[in-house]
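Here's a solo chain for you in structure tokens, the form predicted alone.
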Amino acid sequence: MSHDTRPRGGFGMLMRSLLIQGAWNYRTMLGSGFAFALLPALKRLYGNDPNALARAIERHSEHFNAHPYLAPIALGAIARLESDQVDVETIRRFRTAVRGPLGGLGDTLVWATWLPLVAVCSLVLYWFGVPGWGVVLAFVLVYNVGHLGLRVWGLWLGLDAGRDVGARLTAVDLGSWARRLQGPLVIGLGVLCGAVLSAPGGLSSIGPAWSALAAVAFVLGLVGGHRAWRPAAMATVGAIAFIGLWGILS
């Protein structure tokens, strides 16, 4: 008969992980928030020994930086290592090793792909006549379902895998998920550009100057966009800023 060896306190860690950036600072970055989020598991492990609990909190308050949505993977894995009574130095090395990959994966998957994709799709809804409140509601629901689901999955993965979390992440291949989402993102950008150009009240109805400007922007993006830093995110931010400015001026 198998037994669940995952440490307890997962729900508390998940809720606290939503505030992991609340004490961000230049010295430890997410370190203080990381220790705060890990505290439910640490209390279950060291609650009967105040000195051991204090030492655990201190070492987990050291410098740590990763994408906040993927930090629960590290939280779960380290809670598992603590529960398995792995030595302190091994846990410290593990903590240092995972922060870079989790930061890079999160930036690629969330900031450069998921956020622009949901934003572009929301703008497409607006240009096809969905009321503003409906667009905002759609963005909030879809974006938060994605990022909260990612947090829940990451914490469960870390708690289940422990020190093998790297191999499990390799098998899942979050980078491939980012690549799969880039196709819909490009399609959404194309639809949005078409709507902005041809929809009633779009650029084509307010004079050739705007159409020429859009054509120049398209050529610049085609020639040099692939060399831009986070091109998808930059395109989305630029589109939002442009449409917002247009609304203010008109």
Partner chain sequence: MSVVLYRVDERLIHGQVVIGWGHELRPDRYVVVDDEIAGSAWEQELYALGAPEADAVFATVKDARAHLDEWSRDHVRTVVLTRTIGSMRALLDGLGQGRAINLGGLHAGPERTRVLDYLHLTADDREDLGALAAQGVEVFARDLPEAPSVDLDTVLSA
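Bear in mind the structure is a predicted one, so any value in this text is a computation, not a measurement. Residue numbers count along the first chain shown, from 1.
Beyond what is shown, the protein has a form predicted together with the partner chain; the following relates to that form.
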Looking in the predicted bound form, any heavy atom of residue 80 within 4.5 Å of the partner chain? no
Although the partner chain is absent from this view, report whether residue 146 comes within 4.5 Å of it in the predicted bound form, heavy atoms only. no
Does the partner chain get within 4.5 angstroms of any non-hydrogen atom of residue 177 in the predicted bound form? no
In the predicted bound form, does residue 164 have a heavy atom within 4.5 Å of the partner chain? yes
With the partner chain taken in the predicted bound form, which residues across 122-148 come within 4.5 angstroms through any non-hydrogen atom? none
